[in-house]
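So this first bit is one chain, no partners, the form predicted on its own, shown in structure tokens.
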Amino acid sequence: MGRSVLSQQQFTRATVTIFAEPGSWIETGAVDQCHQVAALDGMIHVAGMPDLHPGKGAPIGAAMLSSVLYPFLVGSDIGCGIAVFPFRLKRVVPERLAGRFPDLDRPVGADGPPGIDVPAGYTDQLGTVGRGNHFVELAKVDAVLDTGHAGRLGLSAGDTVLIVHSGSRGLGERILRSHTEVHGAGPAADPAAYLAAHDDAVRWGHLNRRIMAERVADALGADLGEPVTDVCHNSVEIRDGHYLHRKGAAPGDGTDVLIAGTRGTRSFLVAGHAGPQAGHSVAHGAGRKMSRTDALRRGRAKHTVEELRRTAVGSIVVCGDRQLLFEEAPGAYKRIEQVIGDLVAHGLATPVVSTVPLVTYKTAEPTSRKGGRR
């Protein structure tokens, strides 16, 4: 256990623990959602990560252990996760590379890549990043924080890496919708059937991230290595005979995890060593501190679109959706250093390296979608 815990209370028969220091930004609404989930039939324990924030019906940034399987606690983006690929370029000129990113809103094709078995046969959106907080980012390792561990991963200061954050796209949505249309937020009537579909979506998410990395490498003329990590943070697993749901929480028991900051701040690759009290999990990112509506309203009052295309760390943002530029502005998120500090304080993770963005891709520019160059 860490030095301090905001909340550890008995609620019905399930416990709730929030792993954040007293000065960290944790909304009351998110904590309330944790207790609402704890009141569900069969719930045993809810662990809130330091990036905890309110979601639609369930908290984001939580690991939830239960004797009952609840699909809505995983959500629609099953298998969403973050992969980090070594990415070797001859020259790194962000302004030039930004203009060469492929259109990752366009799928690779109806048949998928040749010779690849696409999970569930779902090819509609294969090779696409999606909206929301998803991104593909060319980044640089700017600090090595654990020399031995970084060396084992083959990472050194100054290395370029490609970070890919996306999930199962429409496949996950289809799986959740088929459940909620009949059962709403209730438990899975056939857990085995849900888990089989869930596992397809998780595999699809891994494949999608790999295909996007290959598309970017081909467009930028880079050598793409095998991922040093590719971990999903929306999933459920059977653990000690119970269902461990993760919504915006990454497996953190002996796993290397990239915890994303924002397009204008560092991200951190950490070695997770979280135990059962934390749901064997770590945070998945900085966590929102503003709703999208608030971020849009406040951002438009403070910034122009062009100001948001160049970040405080000098990186470039490729985003053809002006509203998304404001919704995903760095100021809409918590401080990533605080999130990482909380994980360290509670003994859940050890930072290995930090990365700084060079080019962050969100959506293609409109001219790119028409086949032209930016």
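Everything quoted here is computed from the prediction, not taken from an experiment. Residue numbers run from 1 along the displayed sequence.
There is another form of the same protein, the form predicted in complex with a small molecule; it is not shown, and what comes next is about it.
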#### Entry: in the predicted bound form, segment of 172-180, 154-162, 129-137, 193-201 with a heavy atom within 4.5 Å of the small molecule
129-137
### Message
Between V216, A83, A260, L244, only one gets a heavy atom within 4.5 angstroms of the small molecule in the predicted bound form; which residue is that?
### Response
A260
### Message
Residue-level question: is L104 within 4.5 Å of the small molecule in the predicted bound form, judged on heavy atoms?
### Response
no
### G252, heavy atom within 4.5 angstroms of the small molecule in the predicted bound form
no
### Task
Answer yes if any heavy atom of Y70 is within 4.5 Å of a heavy atom of the small molecule in the predicted bound form; otherwise answer no.
no
### the small molecule contact at G279 in the predicted bound form, heavy atom, 4.5 Å
no
### Task
Using heavy atoms only and a 4.5 Å cut-off, decide whether all three of I60, A286 and T360 touch the small molecule in the predicted bound form.
yes
